[in-house]
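One chain follows as structure tokens, the form predicted on its own.
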Amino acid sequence: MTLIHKPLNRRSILKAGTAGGVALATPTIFTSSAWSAPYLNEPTGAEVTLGFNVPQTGAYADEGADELRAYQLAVKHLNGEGDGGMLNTFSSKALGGNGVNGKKVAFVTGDTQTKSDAARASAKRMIEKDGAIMITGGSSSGVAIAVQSLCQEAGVIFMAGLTHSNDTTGKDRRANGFRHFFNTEMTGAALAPVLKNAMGTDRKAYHLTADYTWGWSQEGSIKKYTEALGWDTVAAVRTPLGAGDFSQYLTPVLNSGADVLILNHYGKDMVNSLTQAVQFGLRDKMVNGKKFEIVVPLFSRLMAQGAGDAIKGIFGSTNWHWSLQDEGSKAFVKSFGQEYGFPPSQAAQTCYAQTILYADAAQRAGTFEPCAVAAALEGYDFDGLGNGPTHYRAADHQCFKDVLVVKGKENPSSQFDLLEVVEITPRAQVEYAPDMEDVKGDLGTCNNGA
């Protein structure tokens, strides 16, 4: 059967080195025979194996558990089990719920432990011993960058899970890696105008920052956009991942003259630091004639659950929220809820979307050959996966879509109804040039691992 493919631009054809000799006049309709070069872990049996590499232990384990649930649900839908979820709303109709390229989808899992070395080791095992054709997952940008680099070296596609640092598709971008999740640059661009309206332009900010690539990136983006408003940065203090007790870092805030605390923390670290900040009485104070405020730039529903009442009134941003009423979001929430008994997190949604996007690209390419799949993803426009119209940019493999600014609800109706969407920031407001100073990098060339 002849499959209709996304038109390939000249850059994509040149990058897909295994298509050697393909001329610029190559037509935009291909069969799998057009990509005939050998590649690593080419599936020869009735199944194709995907590798799900998530934090099952460590500071981000709650996110990892939800990611794994979403991955398993995506596999069910790809294989024709369940109600099909977002396959029914996805703008592409290449997938039919009968596997991918005539093969049933299977998977293996690994525990990143929220540690880069452990994540690389588990990804390496899945590639070398289990024959994984694609690796996906992670809830730490440090992990994502490490595994993305490994996948580039090995010659398989990496579909990043929850990774928010600019560096993933910035200075550490790789031709074999793709990110659906938004980044810290987009958070700053979306969140700063809301903070201006809520808190004014004369503020003094104190940052507590997770001491690794995501924290540094998040701190830098928030500084960039809040200082442009007129805010002063009083201090920026780095904290170790998984610190648990943040009291030694919170005590100096009281005497710093700051009237805003910005917590560049995620997962259990954010739950602990925010809860302890509220217990310290920071939110009850008046400083510089203003009510003291706390900001959590990157939010999730799982974190909101962990922090409880401390989350009320706190602003942040998120990639997606289960309360959205577009058809894709409703379909996913229904499927996930029926499977697990509660609504999905943003981590679940982005991981489900990445699995579907990979499968769709392979189906449209008519092959699992990594560089053909990469070419099918580059410059791809799609809808129906819960974020509205989305573009996978060819220059850096970053998705661009609307960004949500949220706030902790004062009167939640349930243990899951904790965040309210206060603004949907249009995609145009968060787009940036791929060679902008804060995000520029060298994508390199695709590797098939042959």
Partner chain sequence: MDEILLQFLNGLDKGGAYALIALGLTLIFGTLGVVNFAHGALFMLGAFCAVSFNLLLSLQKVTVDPTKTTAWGTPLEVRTPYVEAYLGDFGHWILNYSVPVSILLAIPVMLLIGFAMERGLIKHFYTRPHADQILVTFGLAIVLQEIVKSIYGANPIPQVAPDVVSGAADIGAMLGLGAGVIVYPWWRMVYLLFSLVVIAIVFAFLQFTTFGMVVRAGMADRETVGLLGINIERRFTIVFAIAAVVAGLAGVMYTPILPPDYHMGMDFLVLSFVVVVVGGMGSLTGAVSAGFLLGILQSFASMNEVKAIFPGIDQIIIYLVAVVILLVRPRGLMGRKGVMEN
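What you are looking at is a predicted structure, and each value in this text was computed from that prediction instead of being measured. Positions refer to the first chain, counted from 1.
Although not depicted, the form predicted together with the partner chain is the subject of the following passage.
Looking at the partner chain in the predicted complex, residues Tyr206, Val237 and Trp322 each place a heavy atom within 4.5 Å of it.
Using a 4.5 angstroms threshold between heavy atoms, Thr44 stays clear of the partner chain in the predicted complex. Residue contact with the partner chain in the predicted complex: Ser91 places no heavy atom within 4.5 Å of it.
Within this chain, Gly96 is remote from the site of the partner chain in the predicted complex, having no heavy atom within 4.5 Å. Taking the partner from the other structure, the partner chain in the predicted complex has no heavy atom within 4.5 Å of any heavy atom of Glu81. In plain terms, the part of the chain that comes close to the partner chain in the predicted complex, with a heavy atom within 4.5 Å, is 336 to 344 out of 223 to 231, 336 to 344, 98 to 106, 170 to 178. For the candidate set Tyr380, Phe292, Tyr249, Trp216, a heavy atom within 4.5 Å of the partner chain in the predicted complex is found for exactly one residue, namely Tyr249. Site annotation in the predicted complex: the residue of Gly257, Gly313, Gly244, Gly200 reaching within 4.5 Å of the partner chain with a heavy atom is Gly244.
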